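Quick heads-up: it's one chain on its own, the form predicted alone, in structure tokens.
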């Protein structure tokens, strides 16, 4: 009997020639699958009224314009271990992109954001829809929150369904569902910890910040897609475990840089405000370092002020730069990339996959969006 979590070669997919190797073509495949999925959902929703159709249109809008990091990692691990069934792996990649969409929608609701990637998100669109139908501000808030909860739930449900309905053997399907379940379970813990950490009067500790980054983002965005792709291809358990360790470390590095861009990035390039995280008082590696310096009292007094204007936000950025927080955060990201690449070098992985993931981790610290 095979051990759970490891499938025999060929059990999860039939080996076929798959010539697609360009990332843009992979993005095109997942985009086409998303278009097909949302077209079907809109058709079904029409029987339940125009507002429900609009909700599905809003979910589709929220899923567009992303970096497609998770599908690329699913594909990389799957192909790295010899997988060649494009249609099959695309469904797994779709599941993790829908999981990401669900988390973005719920995260925006928790943060009370109405814009994502420079455009109104689900909540923002439904607040505007309420106003267009004669609703007042309170009605707009209720419509926005309701739409965001339902939209996130619908995307999350479909992510599970994609894996549950895969035409693979039972052991493979259960392993994939276990991976998805862990991603949801751990991410929820991280989201809660992120919110709780902003309590007034608390001083952020780097250890806690890093734990939250791993739980909230690294597990579902990096560890889980890599593990899913490898399991689908029938990779050895030791290799899957190594990819999980790599994913957690690379994911933390990615998120540290993301948080840096959330404060020091160009909003035109990143598609998000460079002041929102400061107004929210978000606990990041930047803030954890600042809390260890003599500049902390001045930073603490302005951090988390919902009335923080752009000029005051710029002053906070200067304080963070002057106290060494920016340099420290970027150095920490580089350190995690180094540790991630060590995991690749220490594991028995296909050389091409090792090289591809090593380059991916390196790019995590060099991106501008």
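Numbering follows the first chain given and starts at 1. Under this definition, the rigid core comprises the largest set of C-alpha atoms superposing within 1.5 Å between the forms. Since the model is a prediction, treat every value here as computed from it, not as a measurement.
Keep in mind that the form predicted in complex with a further copy of the same chain is not shown, yet the notes after this line are about it.
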Quiz item: Is it true that 41, 44 and 110 each have at least one non-hydrogen atom within 4.5 Å of a further copy of the same chain in the model of the complex?
Solution: yes
Quiz item: In terms of non-hydrogen atoms within 4.5 angstroms, which of the given stretches 26 to 34, 300 to 308, 55 to 63, 318 to 326 touches a further copy of the same chain in the model of the complex?
Solution: 55 to 63
Exercise. Have a look at 239, 291, 168, 261 for me and say which one sits with a heavy atom within 4.5 Å of a further copy of the same chain in the model of the complex.
Key: 168
Practice problem: Give a yes or no for residue 154: in the model of the complex, does one of its heavy atoms lie within 4.5 Å of a heavy atom belonging to a further copy of the same chain? | Solution: yes
Quiz item: Is there a heavy atom of residue 282 lying 4.5 Å or less from a heavy atom of a further copy of the same chain in the model of the complex?
Solution: no
Exercise. Indicate whether a further copy of the same chain has at least one heavy atom within 4.5 Å of a heavy atom of residue 117 in the model of the complex.
Key: no
Exercise. Evaluate residue 269 for contact with a further copy of the same chain in the model of the complex, applying a 4.5 angstroms cut-off between non-hydrogen atoms, and reply yes or no.
Key: no
Quiz item: Does anything in 158 to 182 come within 4.5 Å of a further copy of the same chain in the model of the complex by heavy atoms, and if so which residues, in order?
Solution: 160, 161, 164, 165, 166, 167, 168, 170, 173, 174, 177, 178, 181, 182
Exercise. Return yes or no for residue 49: a CA shift of at least 2 Å between the shown form and the other one, with the rigid core superposed?
Key: no
